[in-house]
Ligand code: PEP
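Presented below, as structure tokens, is a lone chain in the form predicted on its own.
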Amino acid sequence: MPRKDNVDLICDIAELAGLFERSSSLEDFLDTATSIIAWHMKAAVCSIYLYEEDTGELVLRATQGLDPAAVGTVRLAPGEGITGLALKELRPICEERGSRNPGFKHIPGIREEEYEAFLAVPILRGLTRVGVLVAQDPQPNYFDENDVKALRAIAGQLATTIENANLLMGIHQAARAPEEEPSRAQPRFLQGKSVSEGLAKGKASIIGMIDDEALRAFDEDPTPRTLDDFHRALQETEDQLAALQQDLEERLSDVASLIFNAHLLILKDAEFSGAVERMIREGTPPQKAVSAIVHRYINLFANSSNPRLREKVLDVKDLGHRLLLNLMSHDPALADYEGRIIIAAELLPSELLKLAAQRAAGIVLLSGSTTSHVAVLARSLRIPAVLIEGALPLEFAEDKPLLLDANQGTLYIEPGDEVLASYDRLIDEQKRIEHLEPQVEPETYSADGVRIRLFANINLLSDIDYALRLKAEGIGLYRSEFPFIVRDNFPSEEEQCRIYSRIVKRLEGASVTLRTLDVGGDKALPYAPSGNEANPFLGLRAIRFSLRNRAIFEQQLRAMLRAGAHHPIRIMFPLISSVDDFVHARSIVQHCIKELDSENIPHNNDPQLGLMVELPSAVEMIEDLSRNADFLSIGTNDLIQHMLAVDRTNEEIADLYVPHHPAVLRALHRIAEAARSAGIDASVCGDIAANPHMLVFLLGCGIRTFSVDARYLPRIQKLVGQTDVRQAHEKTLHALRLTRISDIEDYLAIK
């Protein structure tokens, strides 16, 4: 290993304060600092991230060794990645192999994956966060305790210099800048949370909160229009909507049923078109007439006592926008949202589908949750989406050029040429990766040859091709609620049967697990009768809803049984809390089988029946449940949330959502043991399988089946291939004896 000149390095950095006066900018100073540090540390990479108070994020400001184009574009929230974690916890982090740290964040295109050894030290001025100093090298375990001490000393000296440099530069720039009004300038970017990963660029389209002036902007066009122009626009709009509906039916037939129905009904409504015609005949310009009647309908819908009508306000606005664009232009492409980044206060799942049909490039939500059904649907549709809570800046406007980095949760407003060029490269790289066949084997084995089965969770029929391309061995969870939540009414037995049949046929005999309806909580059906529950997450949801609404439950079960007439299927009940729940649900399945027998309708008369283990009460009854069920699936996300009484979407207590809590580990082990004793399969269905430390624990528990979002399959297969199951078992037994979270973290190397 090359000798590192740590003492010389500290002296040189101390002299950089004088060098700053000869620098043309803070950036020049930081570039010099990274070069000197990298040289003396004999490290391949040295980077400096500075903390921006106004945005609350770390920004890469200088680097020696990484792609220079990443400077100014890579942004991390405190706690995000190893670098962000060092700042959040105000401590150095030294990793033998950074990529194995569960907090490691891969940023495409900057070549960081080439460097295994990772040392991150916070730059602090007292308790004030200034930034983070990072050193990396391709040789694993390259940095030692002396390097940590040296970099801490250097960071301390840099803190004062950087802080003073920032102040001086601010003074110099203020002196040079021409006097102007107090700044009300649009911020260059907004930081949020990633909802659905991806990159997109395009112009802004603000929907869902448009005021009366937005549609009336067309009034300013002086070009005369006629009644014939209105009739032409009416027909063009109807044709476009019909084509969109047909296209969506072909691509997303399971959830696209009549998605543009409200648009077409209003368009064909004689009262709507007749009112516009009357105004035009009386001398009102067509665009003013359309705008006036659209706003009349908006007000009618918005003020209705019927909640289902109130939800159609966005449909009316969308229709008015399309109709006016067709009236004012002969270019039908302008009426769509193709290449647009949509800004919305909130979206219903059905509204997101409409935007997908119109080829929106990306979504920015101003309220909601990263775990909501809209978020899950956006990931299935592969639309980049970011959640930025709060109001938009006042200067934000329609058609503003935007760049959306949903990998990091960042929205750039009017990005400069440098930022655009950098992201163009990343977008090109992303497209190349998407078209390459991933290196995934059809079967998965541990390092010591134990067979592990990897399945995919799916939400839409369109997810299946992606899952199969990534070599999923079957479907471990089909979330059947999506065809329900995007419709205006319960889908019929026939509609459901067609959807489920397409799933099982596409899998050609591979295992398919269909979960029954899981609604309630944050998945309310707007058309279903419901009371105002004080705590809907603990209310009438999932299997409780199905058992309380037996007719709906039977329709779904009959559809599933019919779809499995010539294929093996597994039916799974969510949120089971007792043996009584399971036995009751099973008896209804048996009743449906007898009904189908008597009606001579082909069906599967012996499906496997299982349950989601996601409640503490189910864990307490797990031995009894295992003797009654054909299989178990551990819903880790909800199980952890309910066991620890922690809402994982609540940022105030997000740090208390701890998958490695000793109570959770013991529950997982107990479930696996109960399944083994009963001779049934227990799978894990949740994000913790993608955590390398938790995966080792689960393998050590005896879990041999995992079902995850398809995007995690390559990563999990690789992790399994690096794990010796016998060693994992020993590690699991030791972890189960520990009683403190901190001891478990140390033992499993979680932090």
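Please read these numbers as outputs of a predicted model, since none were measured by experiment. From 1 onward, residues are counted along the sequence shown.
Although it is not shown, the form predicted together with the ligand is what the next lines describe.
Mapping the unseen interface onto this chain, G686 counts among the residues with a heavy atom inside 4.5 Å of the ligand in the predicted complex.
D638 belongs to the set of residues with a heavy atom inside 4.5 Å of the ligand in the predicted complex.
The closest non-hydrogen atom of K312 lies beyond 4.5 Å of the ligand in the predicted complex. In the predicted complex, no heavy atom of K400 sits within 4.5 Å of the ligand.
Per the 4.5 Å heavy atom criterion, the ligand in the predicted complex is contacted by stretch 477-485, the sole one of 594-602, 81-89, 381-389, 477-485.
When you look in the predicted complex, the only residue of K354, R515, H263, R340 with a non-hydrogen atom within 4.5 Å of the ligand is R515.
This chain appears without its partner; in the predicted complex, the one residue of D405, D254, E614, D137 with a heavy atom within 4.5 Å of the ligand is E614.
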